[in-house]
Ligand SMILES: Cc1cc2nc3c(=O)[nH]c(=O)nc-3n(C[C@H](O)[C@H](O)[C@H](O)COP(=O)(O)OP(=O)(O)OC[C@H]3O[C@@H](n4cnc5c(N)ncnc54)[C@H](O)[C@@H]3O)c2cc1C
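Next up: just one chain, as structure tokens, the form predicted on its own.
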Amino acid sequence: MSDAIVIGAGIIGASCAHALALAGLSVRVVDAGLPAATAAGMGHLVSLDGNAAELALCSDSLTRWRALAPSLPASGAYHRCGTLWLAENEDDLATADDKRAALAMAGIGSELINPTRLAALEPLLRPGLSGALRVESDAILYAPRVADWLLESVGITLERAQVAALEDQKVYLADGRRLGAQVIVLAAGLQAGALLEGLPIAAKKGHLLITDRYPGRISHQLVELGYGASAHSGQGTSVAFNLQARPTGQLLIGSTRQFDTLDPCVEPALLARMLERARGYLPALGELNAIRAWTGFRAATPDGLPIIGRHPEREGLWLALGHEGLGVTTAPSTAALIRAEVLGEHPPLDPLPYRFERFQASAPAAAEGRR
């Protein structure tokens, strides 16, 4: 019998398992191998500041990623490329300055750059942009490989199995086996909804596209300043420009967000809208070959913050869910919060804004914590 069972081997589940194993617990990880957000996402490590709680989680987590970076395998493709938040007009510049101030309050350095310097940094961007906010500490990585390494590095063997049901400190597998542990961490993204009633998570579909190899064309992660609004939207369909130069020389282009669909097919009209927006920032994209487009589903909560912490009513059950598009960025801090609560340690940051209880009928303290 293991001390802990983690359900889900994506970047969140793997990070939790890694943290608990480093704390000395024996950890078992089960995952059904179903399509999940870790394999479908962009792998960005980026500072979002939609609210104080989101920024605090990003800031703490990015510090942890930087500490872990020297140990990551080359196949994890960690690259501290920095982010350029692109401003199309004076209103965007004002937004960039607000973001700079917010990041500074969290101890994250950034700088406003003018159009001349922006053109020198990224010559393929279209002329006429008003400038950008540069965050040098942001990075990218290849999340599926890093998730595997997090398990391998602490000697955890991933067990491919479908979880059929949960009871207090018990996991029932579809093959008939019953597993027990003092600690169960549910980190199965959207699949968690089938195991636990009442979880306030919904699917957000996203499209991505990757090009052929064009090394040296782009240096930074490029994101339009409207990306945050798209990421935090609670309904409808939105498109925002986000591009990464992968270590292979390929350009990874996003992104879209859709509610109310579980159809995984690529939607040509929406993909075309996404690419048209991308070409609006980077006209040269029209000359490059795309080799693949795909979709994935993010697990989103109503307030855009993840659910991290002990379930208030289920014995021995912890939740690490609902990270939407920030799961890779915030995985280490999620794991640190789970570890602290499991072991009764002092938490690395205020856990209140992320607790499941904020979605219950009266949670004024939690609401206050998110401001």
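It should be emphasised that the depicted structure is a prediction, and the values quoted were computed from it without experimental measurement. From 1 onward, residues are counted along the sequence shown.
Below: the form predicted together with the named molecule, not depicted.
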Site check L34, Q162 and Q191: each within 4.5 Å of the named molecule in the predicted complex by heavy atom = yes
Does any heavy atom of F297 come within 4.5 Å of a heavy atom of the named molecule in the predicted complex?
yes
* Is the gap between L195 and the named molecule in the predicted complex 4.5 Å or less for some heavy atom pair? -> yes
TODO: Tell me, yes or no, whether S333 is in contact with the named molecule in the predicted complex, where a contact means a heavy atom of each within 4.5 Å.
DONE: no
Quick one: does G316 come within 4.5 Å of the named molecule in the predicted complex, counting heavy atoms only? no
Note: the named molecule not shown here; in the predicted complex, the stretch from 41-49, 342-350, 66-74, 308-316 having heavy atoms within 4.5 Å of it is 41-49
Exactly one of A181, L208, L118, I201 comes within 4.5 Å of the named molecule in the predicted complex through a heavy atom, and that residue is L208
Answer key: of L55, V27, V30, L62, within 4.5 Å of the named molecule in the predicted complex (heavy atoms) is V30
In sequence order, the residues of 293-327 that place a heavy atom within 4.5 Å of the named molecule in the predicted complex are G296, F297, R298, H323, E324, G325, L326, G327
